[in-house]
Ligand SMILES: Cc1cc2nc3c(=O)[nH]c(=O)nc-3n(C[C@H](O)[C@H](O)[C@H](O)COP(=O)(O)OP(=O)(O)OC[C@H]3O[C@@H](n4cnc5c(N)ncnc54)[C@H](O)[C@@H]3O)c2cc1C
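In the block that follows, a single chain appears as structure tokens, in the form predicted on its own.
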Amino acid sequence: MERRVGRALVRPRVLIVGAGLAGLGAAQRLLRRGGRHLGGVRVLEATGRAGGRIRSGKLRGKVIEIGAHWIHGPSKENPVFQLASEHGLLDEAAMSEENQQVEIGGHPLGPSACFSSRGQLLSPDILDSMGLLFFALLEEAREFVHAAKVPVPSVGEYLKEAIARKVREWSDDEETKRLKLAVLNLFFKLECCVSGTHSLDLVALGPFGEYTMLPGLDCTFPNGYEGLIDCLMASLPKGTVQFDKPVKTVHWNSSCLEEAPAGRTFGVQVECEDGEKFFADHVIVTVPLGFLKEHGETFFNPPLPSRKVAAVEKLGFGTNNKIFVEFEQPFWEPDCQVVEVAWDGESPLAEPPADLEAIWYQKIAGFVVLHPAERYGHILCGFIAGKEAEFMETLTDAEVLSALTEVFRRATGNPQLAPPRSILRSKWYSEPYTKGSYSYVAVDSSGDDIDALAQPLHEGTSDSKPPQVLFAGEATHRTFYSTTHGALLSGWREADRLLDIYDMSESPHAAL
């Protein structure tokens, strides 16, 4: 309930930094469940839009996802799926019981066209056999989660050692072996996109299996992921979110006097880049880990405790970008789901090229064909992760379009193939308040670091006092990091932490 200061009852005031899914989820939860017991909830957003890493855009009038793409594991256990369902944002196929019960660990790639860089269409047998091998080994890598000791530090090293043993058993001719290794390298690139990392050598083997996949066939929003953000924004009182308010410093563990309108002291003062100051009893910080890595030393006053600083430094945060290209006519078959290029001579067992900038486009894991064609026309969505993705951001649209046109012409063996007529791409590394895409558990870090990042900061050194600074966002969820549902759940977690402290829940059955 409200706490008493002198003779007056004081209702706690909460500030939230960041209007992504974690921040909006926390705000909605606090207002719906704590409502009249609160002295106010305000969200400070650095940019001019809500949604954070959920961002829908348009390419020649077609809605595409610049940020989050799928609902991963759309089933009853997934709160993003539940909210999307309640607001009628999904199509009938996604809502079907059958789709919700499928246990395949993500999104099946379906029929694909895999070309060699020499212009050959590769046999589906090679693709299927190498896919089975790679994903079987990846499942093995997840089994070290409770092991007392791991054979090697990283997922990449484990996979490469296992593949090297397999290659010695192959009885194929040298050309077939080269093709198989080039295809396997495609799967490495794909997993780099999934993990948001430059290399699987950076992903820790021991904690890899802690990441939890929910059942359900991954689905998309027909009218854009931002529809979910619109619904959350509509549920908040007007003015709750203040835009273009980048925060400079979170001052905590102090006594800050707000002369008006409250005329009382607060434990937290949030100072914005424009000089405006906001006072609160609690602040929920939902900024991306990439931002904390760049600004963590100056963002908090006093600085973060050493354990939390170490977690920020050790956890991984990488870039996964998308390149959308639209063609007047497709060069792929109508049922094709993915277009891939296996580069001659590439192998997961070989040293990566030193001059990645010269051949950055070879890091593209594949191009997803946006379906149905009646909705999208003929659009491919390429996925690229790591340093190459960051370099791609420095190029012009014309340079990227030119490079990809050459890739498609080389792969199809058709030097006259018409270039794409339009392009749109994400640039998450260049986003100043994001500095990348999402988190992963890096070598020399563990799930304990995620928990450390999520731990609130209390006044003084006593955990018996209410927390002043709380942390949410996908990087603070131990088993659902890198996902939108992890972000939403983390926002709810911190809202509930405050609601429980003040016993503010108006009803155990209050709306989400």
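The first residue of the sequence shown is number 1, and the count goes up from there. Quick caveat, the model's predicted, so the values are computed rather than measured.
Not pictured, yet referred to below: the form predicted together with the named molecule.
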Only one of G216, G366, P288, G267 comes within 4.5 Å of the named molecule in the predicted bound form by heavy atoms, so just point that one out. P288
Checked A46, A452, L31, V443 for heavy atoms within 4.5 Å of the named molecule in the predicted bound form; positive is A46
When the contact criterion is heavy atoms within 4.5 Å, does P12 count as touching the named molecule in the predicted bound form? no
Any non-hydrogen atom of F115 within 4.5 angstroms of the named molecule in the predicted bound form: no
So in the predicted bound form, does any heavy atom of L228 sit within 4.5 Å of the named molecule? no
Given that the named molecule is not shown alongside this chain, does V17 nevertheless sit within 4.5 Å of it in the predicted bound form, heavy atom to heavy atom? yes
Only one of these stretches, 81 to 89, 320 to 328, 165 to 173, 336 to 344, has heavy atoms within 4.5 Å of the named molecule in the predicted bound form; which one is it? 320 to 328
Under the 4.5 Å heavy atom criterion, name the residues of 36 to 67 that approach the named molecule in the predicted bound form, in sequence order. L44, E45, A46, T47, G51, G52, R53, I54, I66, G67
